[in-house]
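What follows is one chain in C-alpha cells, specifically the form predicted on its own.
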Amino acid sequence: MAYSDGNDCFTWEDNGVATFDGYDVAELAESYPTPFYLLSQKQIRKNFEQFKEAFSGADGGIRIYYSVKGNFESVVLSTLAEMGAGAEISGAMDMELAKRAGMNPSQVVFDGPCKSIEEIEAALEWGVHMIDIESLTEARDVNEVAGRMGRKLDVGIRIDPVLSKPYYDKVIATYRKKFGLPIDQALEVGCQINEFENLNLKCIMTHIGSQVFHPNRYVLTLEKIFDLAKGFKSRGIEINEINMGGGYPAQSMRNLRISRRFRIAKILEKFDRIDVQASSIYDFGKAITGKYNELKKSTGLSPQLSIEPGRCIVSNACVTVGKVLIIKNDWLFTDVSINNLPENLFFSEWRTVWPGHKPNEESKNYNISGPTLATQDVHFFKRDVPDLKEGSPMAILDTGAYSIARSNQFTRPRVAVYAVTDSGDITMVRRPESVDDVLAMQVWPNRDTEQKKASGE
C-alpha cells in the first residue's frame, strides 16, 4: 500500500484500487457529481482520541479547545462536542457554530485581534470561559462591555514568544508578528490590562505557527511563558492557565524542505531527501507535557495547561474527489480548483492519488491545474503522474483543514460535502450551491422592481 501510515482511513493498493473509509474512490467519482469533499467521522474520532492520549501526561489534566475555523462542518463539530472537546472561536459565526454543536460555553475561548463590540457582548451573554486580548484598545472595549453588563471578567493576553527564526524565515513574510504582543512588552501591558476595573488577567496564550514539525519550539515557548508568569506573580497577578495554541502538524501531509523549490529538487527527491519527517503527536505530547510538569515543580506555579488543535484533528479526515477534464501538452486540467483548495502551505503538499493506477506508476511530467480562468489556479508544477485519460478520477488527500472553510465562489458555486458516518453510510452534510444561491445576496434594482411589478406587488 502507498500513502497510508497506519493512521489513515485511506489506502491505495498495489493493484491501483484506492479506498477512503472503505469506499472505492473511483466508484465514488462516478456515483457523485465531482468535485466534492468526503469526510470520515471515524477518522475524526480516532484523531481526537490520539491527541487526548498524547497529552494525557500533563499534571492536572489538559483542556482541549478545538479550533472551529479550521473545519466547521456539522459532523466535525457535533462529533467533537460529543467527545468532550471545547472550542476556540474567532468571531460571531464560530460562536453560533459552537452553540449549534452543543459546545459548553465554559469550555470555549474567544481569540482574534479585532473583536467587535457586538461579538464581545454576545460572548459575555453566552458565558465563554476566556477572552484572549491582543491590545490595550481591545482591553478597553472588553472592560467597557463587561462594566455595562455588570460583569467581572477573566481574560488572557496573547503573546508572541519571539523565538529564534526558523530556517525558512527569509523566504516567507513573518506575518505572525501581527498577532499578540511581543513577550518583552507583555508584562507591562498585562499589568495595565489587570488594572481595568472589570478585568482579571488569568491566562497567557500564544500560537507559534502552523504545521510545526518538531516540539522543541513549544518547549522553548513554555520556558518563556513560565518566566513571564513568574513576572506577573511578582506584581501580584496569579496566572492560572497557559494556552499553547495550535500548530500541531497533520503528519500525513508531505512536509518539504526549502530545496523543493529549486532545480536540485529532482535529484534530492530520488534519494528521498525532500520530505521532512514531522514528529508524531505522541512526541509532541510527551515533550510539551514533560516540560510543563518540570516547570510546575521548579517554579512552584500551577497554571492549567490548555491547547487549541485544529489541522491535526481534521486534515486526513477529508479527501477531495475530482476528475481529469482536459490534457493539453504538459498541462493536466482537473475539475478541482483553488476555489476548493484555497490554502497555500509553502512547505507542505497534499498527497495526490490516481485511482485505477498503481501507486508508483509514473509516465509523464505534468503541471496540474484547476478549471477556472485564474492564472494562480495551479495545484502542482512538474509532477510525475500516470498515463491518464480525460475523465480519469483523482483524489487529493489531507484536505480537511481550511479547505471547506476557505472555499470560495470565483466564477462557480461551492461544491457538496459528504461524510462517511460511524454507521458506514454516506450522508450529505453540506449541499452544493446553485448559481441562485451565489446570486441571492445581490441587489439588482431594475430587475427586482420589474419582478415586483410583474407579481402585482
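Not measured: the values here are computed from a predicted model. A residue's number is simply how far along the shown sequence it sits, counting from 1.
Below, we refer to the form predicted together with a small molecule, which is not included among the displayed structures.
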Hey, in the model of the complex, is Gly285 touching the small molecule, heavy atoms inside 4.5 Å?
-> no
The small molecule contact in the model of the complex: Gly127, any heavy atom under 4.5 Å | no
Asn198: heavy atom within 4.5 Å of the small molecule in the model of the complex?
-> no
Mark Lys52 yes when one of its heavy atoms lies within 4.5 Å of a heavy atom of the small molecule in the model of the complex, and no otherwise.
-> no
Proximity to the small molecule in the model of the complex (heavy atom, within 4.5 Å), stretch among 349-357, 148-156, 328-336, 199-207 | 199-207
Residue (of Gly370, Gly190, Gly246, Gly180) lying close to the small molecule in the model of the complex, criterion heavy atoms within 4.5 Å = Gly246
Considering the small molecule in the model of the complex, which of Glu119, Asp94, Asp160, Glu308 comes within 4.5 Å of it through any heavy atom?
-> Glu308
